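In structure tokens, the next block holds one chain alone, the form predicted alone.
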Amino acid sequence: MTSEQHTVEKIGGTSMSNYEAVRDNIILGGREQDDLYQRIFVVSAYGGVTDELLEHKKTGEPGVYALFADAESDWAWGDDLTKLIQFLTDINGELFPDPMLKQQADQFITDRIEGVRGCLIDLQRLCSYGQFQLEEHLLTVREMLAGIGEAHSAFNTALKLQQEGINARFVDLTGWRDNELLPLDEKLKQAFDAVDLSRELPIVTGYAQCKEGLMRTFDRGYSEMTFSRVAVITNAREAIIHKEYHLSSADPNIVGADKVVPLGRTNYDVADQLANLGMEAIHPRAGKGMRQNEIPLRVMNTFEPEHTGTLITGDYVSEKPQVEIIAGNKGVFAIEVFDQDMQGEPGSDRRILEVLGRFKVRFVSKDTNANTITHYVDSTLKHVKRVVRALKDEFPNAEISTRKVAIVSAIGSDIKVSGILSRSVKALADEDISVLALHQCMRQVDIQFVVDEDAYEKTIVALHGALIEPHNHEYAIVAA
């Protein structure tokens, strides 16, 4: 396999659901036949499929996994699995008008799902005995179910491209019926040793079964880690993520499409800040490998292929200090622990972090003073209530309170701008927005404003208007 000539490209779920756009704007993109190769595509499941397999990402509505994990659901998960077959074969029907190809696609995914059904029935029967606990196997079940979505979309895409005269190759990393469990890097080396990038177009599952267990660390962000490690292991010259939108100065649905501008350049530090807010350009752990190996990352809009997108590199710093993006998270809970015994007593923060870690609750930011520690967590109300109960046990004399808030950040590769804080606070005051807390680090890459949840969109509009719109022409830098 020839290295340093090829790109590794990830296609998101919303984009995958529009095959014509993927084919015309990404795969073909005006290329001649000989120019179609020297590219590896890592694909997500079709939009909505992983929600059906696991649980709905935003509403929490249970999918097959959540129903199976609930011991009281009995056979509800099996009925859901049957509905899933219909859902996925309906997708096949839209993609393959040729009945022979549809039959081939239907057979592939039905075999997978029925294989999983048999496995889950056996596991449920096994765990009816006291010596075997279902909880010990749930992560494996979650991974097995998640892999169905990417296997479905990758197989279909390869089959469809082959029908259209492109030498696509389905690369299945899901571990289906594999006899050995390999470390991720070794699994990838083994998979791509057999691929000739000069004449084959690999369509790769975004889920990869491996010893490390990707979902243990990344949960539903696993496809980004697969994408990142494929780029590193194959020594790609560039990594590209295709999304349904540009990486822009703010959400156009909030600020207005006429006021935002796509970012031309930024760095991995900014990408990390976005990930911290839950607005991932790339997962920080996934970005780490590419940053260390000096592989540039480009984020492109599937539906505007003529635009060069946003180029993310490790060494980029804006020519002059400026805010590049206003982003935020409105699904945040502030958990405040007030205890006068904290004064002069080290270790209180560590004890709080141990509780958060126990319930796998991620915090976005925190602030402290002499007797109060507040963590701003990105979690559900159910998990927050569990954390509060545990904290009351840990700090019996403390006053513990929670509040739903929003965090909005002004982010840039270098925001060391004179007067930026006063301008920001004035812009919010002019809109009668109260700042509940404010955080600015010495590293000068972001300022976080904690506001009431219902002031979230108003805050983004105000900060974008004050910090970015006066300089819009400076942001539309054409990526190299």
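In this text the structure is predicted, and so the values were computed from the model without any measurement. Note that residue numbering begins at 1 and tracks the sequence as displayed.
This protein has a second form, the form predicted together with a small molecule, left out of what is shown; the following refers to that one.
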Exercise for the section: Indicate whether the small molecule has at least one heavy atom within 4.5 Å of a heavy atom of residue 348 in the predicted bound form. Expected result: no
Practice task
Spell out, yes or no, whether the shortest heavy atom distance between residue 248 and the small molecule in the predicted bound form is within 4.5 Å.
Solution key: yes
Exercise for the section: Answer for residue 78 alone: is it within 4.5 Å of the small molecule in the predicted bound form, judged on heavy atom distances? Expected result: no
Exercise for the section: Find out whether any non-hydrogen atom of residue 112 is located within 4.5 angstroms of the small molecule in the predicted bound form, and reply yes or no. Expected result: no
Exercise for the section: Go through 298, 330, 160, 243 and name the one with a heavy atom inside 4.5 Å of the small molecule in the predicted bound form. Expected result: 243
Fill in the blank from the handout: With the partner omitted here, the residue among 93, 314, 305, 252 that in the predicted bound form has a heavy atom within 4.5 Å of the small molecule is 252
Problem - Within 4.5 Å of the small molecule in the predicted bound form, all of 337, 389 and 437 (non-hydrogen atom) - result: no
Problem - Segment that reaches the small molecule in the predicted bound form - one of 413-421, 54-62, 24-32, 445-453, heavy atoms within 4.5 Å - result: 54-62
